[in-house]
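In the form predicted alone, a lone chain appears below as structure tokens.
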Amino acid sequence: MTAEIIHRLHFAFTITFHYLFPQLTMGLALLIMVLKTVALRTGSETWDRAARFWGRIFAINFVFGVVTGIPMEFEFGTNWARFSRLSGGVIGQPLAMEGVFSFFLESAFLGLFLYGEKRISKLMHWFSAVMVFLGSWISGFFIIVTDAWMQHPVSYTRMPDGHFEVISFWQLLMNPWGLLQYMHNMTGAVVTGSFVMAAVGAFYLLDGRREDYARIFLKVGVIAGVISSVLIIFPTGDLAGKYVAQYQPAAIAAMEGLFKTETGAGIVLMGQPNEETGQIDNPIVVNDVLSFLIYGTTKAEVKGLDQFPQDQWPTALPLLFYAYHIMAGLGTWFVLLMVVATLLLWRGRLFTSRWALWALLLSFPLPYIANTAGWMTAELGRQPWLIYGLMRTSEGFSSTVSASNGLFTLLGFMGLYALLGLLFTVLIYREIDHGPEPKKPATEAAAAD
């Protein structure tokens, strides 16, 4: 276990755990705005309480997202000092702006949404929900732009001492890779929010309580879920895949397990990549589909890994292959489940179809797995480059921090995050168990007893 491997594992663990929280807050931000909009237009107290309930879930996720996100800012200096020193002139600006929108805009209006309802008008309370949505989505945009520059560097110049500097900040923000990645990522966040909301609604109905709220959660969750599940495949996933094929052809070959260049390349549905033999073991292949998906014709040639030096192959090729196929497979399941749920909703049978409610309830962890697999696909596909084509990963880590020191802190983070995960689970369970109804005053609760 070299220092480089330890630093990669360290950052991979902390960022994977951290992203469990923002993906739900970004997805819920849109859905809370929908709930508040319906409540404002109809004057329904039930829809308004539903929005406040999910606002509390949002707040818990937001707090844990902040707590787990702060250490990553320090890891740029402790684990990736050489990368930070050379690229700080580029990545520092969008990361700073993310902090502004996350900690000032989003958190300020979240506080207003949670605690200011009795002090402001209904219109202003709705506006605070809109601003929480904008703050969370703009915050996500600046993070995506930062990562996109590492995937597809644009608008930079390299100084004589090796430092990278921005030529045009506007061009940095409008990086085509970043725009496609942003659309795909935010759609994935809505999938997570939709599945979680629908799962809570299904849980309430299966448990025989809070039927009014359960119907709202299922209706909003399923409608948003079917739209986002389709969009994450086409056009966002399709366009992102075509862009990867154009600018990171070795990555797309590894993702698809294409060891040899083929005309009319097929797509591998299942199999095990074997780097030693240069082939897929036990493959299930649909002929010509890969060529069609990338180039729009079944006769196109797709470059395989044999066209690239082996030192430029993704360094964790089997893991990349499996992550990509898990993401794609779960995306297919999301569409199938949500289309069926939408049909049942349209025919008025969803709320009484226990098999469908169980399917929605048990599927709520799957978007977390799919989003994690998607990010693994993007980051593993970029390897062995830290900044694609400009800086290899082996050139960017902190060489003065030994492997043993890195492993010690990694184990410490794993223990601490295990406790945070347990605390988060308890808080979310208590909130869901209490439900959207307002808490009874202590005198009323005593009288009821």
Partner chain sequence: MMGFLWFWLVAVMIVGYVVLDGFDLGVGVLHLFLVRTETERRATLASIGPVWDGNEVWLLAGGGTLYFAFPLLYASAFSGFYLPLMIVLWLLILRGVSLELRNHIDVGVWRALLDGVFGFASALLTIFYGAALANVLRGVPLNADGYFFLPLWTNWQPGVLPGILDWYTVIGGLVALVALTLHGALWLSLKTSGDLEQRARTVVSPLWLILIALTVVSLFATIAVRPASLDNYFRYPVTFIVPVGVVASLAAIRLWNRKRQPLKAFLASCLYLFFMLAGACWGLYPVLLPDSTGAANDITLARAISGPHTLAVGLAWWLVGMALAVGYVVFVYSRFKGKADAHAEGH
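None of the values given here were measured: they were computed from a predicted structure. Positions refer to the first chain, counted from 1.
Below, we turn to the form predicted in complex with its partner chain, even though it does not appear here.
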How about residue 315 - does it come within 4.5 Å of its partner chain in the model of the complex, if we only consider non-hydrogen atoms?
no
Report yes if any heavy atom of residue 118 sits within 4.5 Å of a heavy atom of its partner chain in the model of the complex; otherwise report no.
yes
Verify the contact flag for residue 412: yes if a non-hydrogen atom of it lies within 4.5 Å of a non-hydrogen atom of its partner chain in the model of the complex, no if not.
yes
Is the gap between residue 168 and its partner chain in the model of the complex 4.5 Å or less for some heavy atom pair?
yes
Tell me which stretch of 213-221, 374-382, 79-87, 270-278 has a heavy atom within 4.5 angstroms of its partner chain in the model of the complex.
79-87
Contact assignment for its partner chain in the model of the complex, among 363, 291, 93, 236, heavy atom within 4.5 Å:
93
So which of 405, 394, 42, 46 gets a non-hydrogen atom within 4.5 Å of its partner chain in the model of the complex?
405
Using a 4.5 Å cut-off on any heavy atom, which residues of 395-432 would contact its partner chain in the model of the complex?
398, 400, 401, 405, 406, 408, 409, 412, 413, 416, 417, 420, 423, 427, 430, 431
